[in-house]
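Coming up is one lone chain in structure tokens, specifically the form predicted on its own.
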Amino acid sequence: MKLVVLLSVGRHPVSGKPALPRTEAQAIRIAAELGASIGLHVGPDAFPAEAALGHGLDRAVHLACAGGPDPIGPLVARIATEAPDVVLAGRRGQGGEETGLAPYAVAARLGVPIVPDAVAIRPAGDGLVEVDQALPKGALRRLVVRTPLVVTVHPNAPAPLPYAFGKARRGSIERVDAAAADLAAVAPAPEERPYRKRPKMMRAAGGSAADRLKAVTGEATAGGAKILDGPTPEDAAKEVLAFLRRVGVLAPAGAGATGPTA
């Protein structure tokens, strides 16, 4: 089985220094147990490739380019050349310039399936692999998927192999200038707007169990719920008082109540 491990530059959670993300080091261990594997990194610095060699890789490819262009083009071009059975990547970014979206973009460009949150991979014969996928609350799900495919590694996967300086020195890094045709400018930054809370419905307490269930599932509106979007202070106060009278917190209007009025 032939495997490729995508490498990125993360940040150490304590020191803040550049570091190979832990889930990528775990991906290297999984790949080392399955067959021939290489690391693949796009960027101006070969640090991730050097760190990956010490964790078990025999060979890494550094596609050198400036920090501005989108790395997906060179990644996809090189992966197509290598034609691996499985492409492994970390689950998410680790505080560096990576976003964690590269595996999904690569799978979309290659037109292959992606399996997230894997903790183990085993060959199943006839171009198939078994993937143990981590689920919430410690559960696992076993998937049988046809190769080629992209897999992201969950933190619950086996721990990375210890870093070995000797293995890092014996490994080789192939430096290749990323082809200009494969590089594309980074997409413009999305528009940013101040966070604005969505208006919430004021629901009356009580009602039958069926009414409460309908209110939770959205099949019906319980208790005369009403949404006010940008009301004046006077209108908002009137609605709050009306709601409190409706649920019995305040006495009905005109019944000699001594509480506040609108």
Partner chain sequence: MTYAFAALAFLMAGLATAQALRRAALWRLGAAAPVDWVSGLAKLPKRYLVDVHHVVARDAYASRMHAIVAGGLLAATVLTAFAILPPLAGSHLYWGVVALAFAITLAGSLLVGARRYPKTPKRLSKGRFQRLPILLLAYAAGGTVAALSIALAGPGNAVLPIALLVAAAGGLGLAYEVKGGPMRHAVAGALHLIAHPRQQRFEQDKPDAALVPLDLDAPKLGAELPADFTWNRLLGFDACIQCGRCETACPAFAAGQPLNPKRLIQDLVASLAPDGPAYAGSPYPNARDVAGEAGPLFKVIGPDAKIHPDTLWSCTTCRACVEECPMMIEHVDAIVSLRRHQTLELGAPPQKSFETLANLREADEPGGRPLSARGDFAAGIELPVISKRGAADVLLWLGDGAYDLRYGRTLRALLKLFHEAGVDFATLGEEERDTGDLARRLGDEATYQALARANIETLRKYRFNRIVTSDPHALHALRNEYRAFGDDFEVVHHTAFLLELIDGGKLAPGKLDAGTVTYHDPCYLGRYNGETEAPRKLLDRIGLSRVEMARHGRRSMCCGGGGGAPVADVPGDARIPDIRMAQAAETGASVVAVACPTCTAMLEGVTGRSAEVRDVAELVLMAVEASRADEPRRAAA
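Numbering follows the first chain given and starts at 1. Just so it is clear, the model here is predicted, and its values are computed rather than measured.
Omitted from view is the form predicted together with its partner chain, to which the following refers.
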property: Proximity of residue 124 to its partner chain in the model of the complex, heavy atoms at 4.5 Å; result: no
property: 4.5 Å heavy atom contact, residue 62 and its partner chain in the model of the complex; result: no
property: Interface membership of residue 175, its partner chain in the model of the complex, 4.5 Å heavy atom rule; result: no
property: Residue contact check: residue 164 to its partner chain in the model of the complex, 4.5 Å heavy atom; result: yes
property: Residues of stretch 1-18 in contact with its partner chain in the model of the complex (4.5 Å, non-hydrogen atom); result: 12, 14, 15, 17
